[in-house]
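So this one's two forms of a single chain, laid out as structure tokens and tagged structure 1 and structure 2.
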Structure 1
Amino acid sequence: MLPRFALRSMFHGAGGGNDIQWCFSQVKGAVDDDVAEADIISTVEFNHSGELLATGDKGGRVVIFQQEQENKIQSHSRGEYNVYSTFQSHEPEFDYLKSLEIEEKINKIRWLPQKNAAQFLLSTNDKTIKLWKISERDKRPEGYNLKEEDGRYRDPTTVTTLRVPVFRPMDLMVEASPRRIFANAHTYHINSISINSDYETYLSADDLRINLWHLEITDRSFNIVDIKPANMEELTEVITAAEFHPNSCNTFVYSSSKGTIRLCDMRASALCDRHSKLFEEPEDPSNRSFFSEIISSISDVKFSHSGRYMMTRDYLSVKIWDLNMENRPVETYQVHEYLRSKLCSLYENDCIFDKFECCWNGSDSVVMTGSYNNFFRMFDRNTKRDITLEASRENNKPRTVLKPRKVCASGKRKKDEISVDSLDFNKKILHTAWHPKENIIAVATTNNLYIFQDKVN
């Protein structure tokens, strides 16, 4: 029997050696407490090089930040992220047949790897996926014969000599244009998109079905998973997330509201309703309660960069699974176990249904996820140490190391600890992202985006 890697120790204060010291770098967004619904951040994603950072919000808008090139002389910090491009990706739509409004909220953004000068990303709302091209223009043609510089047409009779227009430098302009619109393939709400390692196809998953698309073809998609029961009264489980394997173009996984993950191989059959592997941790039936199924629902699944492991996030924990072992996770990390004795109120205020995401660092050695009170947690898989940090404007000074936070579950609260009852459950960190190569993280609170970096000496 393999030993279980249960995590118990808490990390107090900044350590030496390999421990990362996180510092505040930047915060984006409005300061005021009155949050407009449209400004609620709904997704955060670095591109493959980490140079670009995209956010999507409830208002259907995408904002892309670009890391400025490092100043080699003054390298006391890595480059800052500044606004590169912003555009309206999705608009609210109306389904006339069902009298239902389709939200413009961006559920996910996924970047394509860069193939030429332009950048491409997929963004999706509940029903429609769009491929956006983001390109730079830093030159413009000047010296037309028939047009003035301001665009007015010249009278042809006044033209006495001909000249050849030339390209002259201009202020950088970043343009975003929709190149493909993938619509009308989902009856239910899209929760995931994932680009295949073949860089030609991608999958989109809704509550009951998963479709496979080709990036060039918008009028057709293949259904590869369908868990809709013939009789909807028999519905017991929905798909909560799906992702392609980072290296094997035939493999993908999808997670369910019952806490299971299924791995499918597209070579086995056209319709992958029968899984190749089923990952499920056995549950002690005597521990079962009304809340068991709800808190076991997986809100996010992410493969490690290596492709050997996958991570799942359920309401109270993060689990690491070895793809070679289906019967239980190899590592389990408690995110906020103290909430187990608050499940009744969390059910009443709907917080129990919050969907937290999780992410890996570039070397797959540390995983991160969010919590309440604008806290977020990191778990080092090697040292088995974890840390709780807070995204707050009070820690605003760049290069000041963030102070670790601790929640006091019960009993005597020590100085600097926060009691469970004073946690703000409206301040939730659902979306976090880790730079693919550096120790730079992006953490989204309700309407602000924080960027933290490790201390560079």
Structure 2
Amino acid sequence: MLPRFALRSMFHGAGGGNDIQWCFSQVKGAVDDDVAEADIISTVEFNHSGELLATGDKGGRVVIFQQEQENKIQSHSRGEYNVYSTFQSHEPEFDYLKSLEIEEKINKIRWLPQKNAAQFLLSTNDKTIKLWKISERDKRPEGYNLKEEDGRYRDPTTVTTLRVPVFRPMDLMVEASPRRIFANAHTYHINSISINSDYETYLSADDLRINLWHLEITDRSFNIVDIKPANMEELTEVITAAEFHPNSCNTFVYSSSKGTIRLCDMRASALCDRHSKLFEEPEDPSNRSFFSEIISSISDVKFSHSGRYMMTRDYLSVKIWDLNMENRPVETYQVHEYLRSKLCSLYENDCIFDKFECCWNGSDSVVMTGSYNNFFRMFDRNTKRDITLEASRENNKPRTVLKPRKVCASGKRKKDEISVDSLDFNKKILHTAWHPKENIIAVATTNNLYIFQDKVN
């Protein structure tokens, strides 16, 4: 285990600078051990300012939390996140042609940059993408001439005097309304949506195809990648994630179940079936096993904010790639290497197919991803130090500093260590998000959302 001073000096903030100790801030969600399937969180996303935090769940709901303005009296206290709006984004549907149920589960949420008083976000389930407008109302009109206050229409012949309608203050109301519905473009399940840096177009990816949409046009999209073979028996890989470059609007990447990442340039051709770059690491023959192909499948790909690097997450590791170097990653971080000896039982209980996401901090200096037993991991790219923390209700007093966790892979277990055999594989952190400007992180356990922040001295 790292000495205490090393932990304190370990992670530099979203903007660099201060040493970080992570503290518990809040937890959202029910305490019950009996978790309803619909309440399981399936995606977490901060907006561009970090003021809003959205979660989607398996029940098709989107819950948006808003950061309260910082308390002026207690200058050391950061604004907490409280529920701002909750709405039903998707409903369960049935595809009668294929006799298939379409789940309401929210697979991804992506915020659009704010242009006016309203906020906009895209949410998607397996088949349908929706553009939502979230707006506030704190005034209501009064004094209609042709309408009663309860909304009933008056007989115009009874109106003898004209009134000037006025706006009166009312309690703040947050409304979510669907502005666009992008449907019927995907045969397979949508796994990714990504908004382009032109803020006019976005892509959606399923197992075999990637489509390009315009945010204003719902009845057509352009197919930009299609890896479906003429004979489905020849299918060897599927698309697992896709993302637009943060600055270059013609560039996007997509990852595959074979562990490769392809970078495509939309200027080269309308159909980007031929990639510009292929990022692939040669396999270490000493680690070859029956499970090699499964664990090399990439579950998430994320560009750094600078656009120079991209991060990929496979089952056991996080890799950082320089866009200028295709043959191997520039950094590799082992997330839970101690599970390599347990792959057989993880295959039997299907955990080996879990899709872990990853995220960057605001300055691209630290990366974070989840693991089992409600553990999550952070890797500092400058100091090469790493830390394991736990999202648990046991230390849920505000401002409690999180103790680092250590897993003992074999041999004699030390006092503070946890044995690999006692890890709970039903408790897993698949979805995490990092505030774009501050050291505030959101971590989703099964049905709870934990918010941690750095200790402000």
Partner chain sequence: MSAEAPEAASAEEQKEMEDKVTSPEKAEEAKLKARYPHLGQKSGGSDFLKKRLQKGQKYFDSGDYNMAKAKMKNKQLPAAAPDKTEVTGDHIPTPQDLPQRKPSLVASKLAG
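When a residue number appears, read it as a position in the sequence of structure 1, where counting begins at 1. For clarity, every value in this text was computed on a predicted model and none was experimentally measured. For clarity, a rigid core is taken as the largest C-alpha set superposing within 1.5 Å between two forms.
**Q** Please match the form predicted together with its partner chain to structure 1 or structure 2.
**A** The form predicted together with its partner chain is shown as structure 1.
**Q** After a core superposition, would you say residue 159 shifts its C-alpha by at least 2 Å between structures 1 and 2?
**A** It does, since the residue 159 C-alpha is displaced 2 Å or more between structures 1 and 2 after the core fit.
**Q** Rigid core superposed, CA of residue 116 - does it shift 2 Å or more between structures 1 and 2?
**A** Where the cores coincide, residue 116 shows only a C-alpha shift between structures 1 and 2 that is less than 2 Å.
**Q** Core-aligned, does residue 234 move its Cα 2 Å or more between structures 1 and 2?
**A** Stays below the 2 Å threshold, so no.
**Q** So if we fit the rigid core, how much does the CA of residue 284 shift between structures 1 and 2, in Å?
**A** Between its two positions, the C-alpha of residue 284 lies 3.1 Å apart after core fitting.
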